[in-house]
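Next comes just one chain, in structure tokens: the form predicted alone.
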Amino acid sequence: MGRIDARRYLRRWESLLVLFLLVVLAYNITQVSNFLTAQNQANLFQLSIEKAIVALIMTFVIISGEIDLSVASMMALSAAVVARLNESRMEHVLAIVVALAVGLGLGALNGFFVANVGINSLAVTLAGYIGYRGLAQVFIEDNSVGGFPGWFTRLGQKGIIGPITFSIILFFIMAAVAGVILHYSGFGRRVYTVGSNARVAIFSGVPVARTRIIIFATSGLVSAIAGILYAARLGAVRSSTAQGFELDIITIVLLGGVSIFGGVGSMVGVLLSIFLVLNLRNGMTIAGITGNTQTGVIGLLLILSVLIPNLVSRAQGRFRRTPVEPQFQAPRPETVQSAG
């Protein structure tokens, strides 16, 4: 799919997302009288705000042609680091800085193995998926660790502007910054180039390895931020914190029109997808659908978000191919030479 075709496809896909979102909103509005109130919308966002934050950086990861399965485990690890250091009476701000440094460092390590060692990102981050959660369990075992300072829990639970919490404000700031970087900066263009064809990018002088390391390091950092915010919102941490979040995060990004093969996607589509998934989950809750069934629906969306773009691409390819049938052309009179 060329760049012009990709843009046309994304515009159509984003329009479809808007349509789906309007249908889900219409259902929710008819079922809940105060659905559109600021309080309810803030609560809706707050319940999944950490997933939305990580989805922003996952957009960069997947557009670059990679995947990061370790994001939820990184959230758990960073939250566990904060909880363990808080228990040891370390200054809480310093504990947060240490947790952020852990996320940044381990994310950069993921990037090093992918970019410099040449190991597939699926294998590298699958190891992180297991290993980082294992480290979280080493830090806090099977305990639920809390006792955070009051200002920290208020940061995650209390509204700063009406019902709007710090996490929601931070999300919209990060979304604006991510959109500008992805679509209007040299780094964003490199991300698309690497995702479209890394080999061509290398011959074009694009620093492919450095770009990948930066993306994975930022993924670790953003995941650590989300994990710390999650700890603040819940007021306690377990080693199972954020378990299964990676499914929702990847689904949001792919449903937003980002190609699993890289090189195609937009931040607008991902933002629309975030609103759609949040409202869809809310609608299913209103309808009395259980959590396990909701997870199944999200899994189905993940399959469709990968399948539909491929079917569209194949259909476009078939329509473009116009087979040329052999035609008989009689020789022109002047070219016929008489015998003898």
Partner chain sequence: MKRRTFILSAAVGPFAPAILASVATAQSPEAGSGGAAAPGQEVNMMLLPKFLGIAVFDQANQGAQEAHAELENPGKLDFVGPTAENSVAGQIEFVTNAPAGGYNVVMLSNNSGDQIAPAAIAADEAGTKVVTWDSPIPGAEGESLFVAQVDFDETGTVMAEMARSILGEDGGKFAILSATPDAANQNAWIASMEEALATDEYANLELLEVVYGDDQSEKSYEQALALVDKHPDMELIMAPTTVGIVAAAKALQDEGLCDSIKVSGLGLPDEMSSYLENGCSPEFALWSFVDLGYLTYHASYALATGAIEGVEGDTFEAGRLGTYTIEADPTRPDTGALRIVMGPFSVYNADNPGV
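C-alpha atoms forming the largest set that superposes within 1.5 Å between two forms make up the rigid core. Residue numbers count along the first chain shown, from 1. On a predicted model such as this, the values are computed, not experimentally measured, just so you know.
Same protein, other form: the form predicted in complex with its partner chain, not shown, and the subject of what follows.
Only one segment in the set 72-80, 103-111, 234-242, 217-225 has residues whose heavy atoms sit within 4.5 Å of its partner chain in the predicted bound form; it is 234-242. Contact annotation for Thr30: none of its heavy atoms lies within 4.5 Å of its partner chain in the predicted bound form. Its partner chain in the predicted bound form is not approached by Ala26, whose heavy atoms all lie more than 4.5 angstroms from it. Put simply, Thr59 is far from its partner chain in the predicted bound form: not one heavy atom of it is within 4.5 Å. Contact check for Ser144: a non-hydrogen atom falls within 4.5 Å of its partner chain in the predicted bound form. Residues Asn40, Asn43, Leu47 are the ones in 39-56 with at least one heavy atom within 4.5 Å of its partner chain in the predicted bound form, listed in sequence order.
Core-aligned CA deviation for Leu47 between this form and the one not shown: less than 2 Å.
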